[in-house]
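Before any questions on how it binds or moves, here is one chain, the form predicted on its own, in C-alpha cells.
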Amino acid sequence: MDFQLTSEQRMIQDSVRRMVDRDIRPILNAHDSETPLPKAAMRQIMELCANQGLLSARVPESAGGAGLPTLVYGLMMEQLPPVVTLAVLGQEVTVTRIHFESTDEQRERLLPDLMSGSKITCTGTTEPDVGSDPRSVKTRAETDGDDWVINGRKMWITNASICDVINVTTSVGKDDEGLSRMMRVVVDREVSPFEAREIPTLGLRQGHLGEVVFENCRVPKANQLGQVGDAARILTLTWLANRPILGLCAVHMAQAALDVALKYAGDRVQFGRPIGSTQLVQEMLADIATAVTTSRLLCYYALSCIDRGDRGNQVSAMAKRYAIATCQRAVSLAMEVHGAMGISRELGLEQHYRDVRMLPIPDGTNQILTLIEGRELTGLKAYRS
C-alpha cells in the first residue's frame, strides 16, 4: 500500500495549478466575487479546462474523451477554485451521462461542442418537490408526432442559467409501484427554448445555480437518450465519483484556510510572543491539518476504489459526508485563529466559510449519504423497500 502520489500524478496536479494561476484566477478576479460570472467568462474557463481533459474525463479516449482514471480526475479537480469545480463537474458529468446513454449518431452530434467547452451544459433532475428521490420526478414528457413535449420545473441546477444544452430527467408515466418511469432527453436551448433564472445563494456566488421552466417545450425524439427506465442506473454510476470530488473541493478550501492560519500564527504577536507558540492555537492548527489530511486521503481512497472496480457506494458516500463536515469545521477553526480578522471580508476566510457550506447539498445530502452507508453496512434499506 503506497500513500504517495507518483511523479506523473504530481506533474498533472502542477499543470492544473499553473493553469489556474496563469489563466483562471485572472478571469475570476476581473469580475465581482459576489455576482455570477458573465457567460462569456465561464465559457472561456470551460475551454481552458477542456484543454486539460476535464470536460471529458470519464469519456473513453476511443470516443474522443480524455479517458482519465477516476483518481487522476479527482487530483486535477482538487486544484481548481471551488466555484470552477462545481461548474466543470456539472459540465463533465452531463457529458458522461450523454456518452453512456446515447447512440453513435447522438454522440457525434451532441458531444464535440460540449467536450470542447464551446457550449455549456448541465443536468436537470432536482425539482421543487423532488430532491433525494429522483424517481418521483414530476416533469412530464408526452409524445406528439416526432417530438416530446415537456412541461415542468427543475431547480438547484448548476450552470442552468447559462447553459446551451440541458440533459433533462422526465417522467413518461408511472410503474407498478407508482414511481416515475424516468427518461432522459437532451434539450437544445436554441432549438427548444425554455426559461431559466439565477437563484441567489449563500456562497459560490460567481457560479450559476438556477431554475428552469419548461412550458410545452417541443424536443425532437431524436434527442431521447437510452431506454425509458434506465436513467436511475446512470445517475448512480456518476454520483459515485462526484461525491469524493466534492469532498476534495472542501479539502481545497480547508487547505487554503490552513495556509493562511499558519502564516498568521507566526506573524501575530500577543503577550510578547507569536500566538503560534501558545498551546491552544497549536491545538487548533493541529486539528485543521488533521482534517485536511484525513479528508484528502479518504477521498483519494474512494476514487481509487472506483478505479479498481470495487462497489464504491459506501466509501463514496462516506468520503463526501466526512470530508465536507470535517473541512467545514477546519475553515471555522482557521477563522478563530485569526480572531477578529477571521470574520473580515478583507481576509477572505469568510468566503471559504460560505462556499464550503454549499457543498453538503449536491449529489446527496449528509442524511441520505448516512442512509447509504447504513444500507451498505447492514444490507437493510432504511427507506423504500
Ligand SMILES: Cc1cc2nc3c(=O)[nH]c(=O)nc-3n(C[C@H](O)[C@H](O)[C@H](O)COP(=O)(O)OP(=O)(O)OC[C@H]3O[C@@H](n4cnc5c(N)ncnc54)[C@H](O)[C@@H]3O)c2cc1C
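These numbers were taken from a predicted model, which means no experiment stands behind them. One rule holds for the numbers: they count along the sequence shown, beginning at 1.
One more form of this protein should be noted, the form predicted in complex with the named molecule, which is absent from this view; the next part is about it.
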| property | result |
| --- | --- |
| Contact of residue 276 with the named molecule in the model of the complex (heavy atom, 4.5 Å) | no |
| 4.5 Å heavy atom contact, residue 365 and the named molecule in the model of the complex | yes |
| 4.5 Å heavy atom contact, residue 123 and the named molecule in the model of the complex | yes |
| Any non-hydrogen atom of residue 158 within 4.5 angstroms of the named molecule in the model of the complex | yes |
| Answer option from 333, 59, 358, 54, heavy atom within 4.5 Å of the named molecule in the model of the complex | 358 |
| The unique member of 216, 143, 103, 132 whose heavy atoms fall within 4.5 Å of the named molecule in the model of the complex | 132 |
| Partner-facing stretch of 75 to 83, 185 to 193, 149 to 157, 309 to 317, counted where any non-hydrogen atom is within 4.5 angstroms of the named molecule in the model of the complex | 149 to 157 |
| Full three-residue contact with the named molecule in the model of the complex, heavy atom 4.5 Å, for 162, 327 and 353 | no |
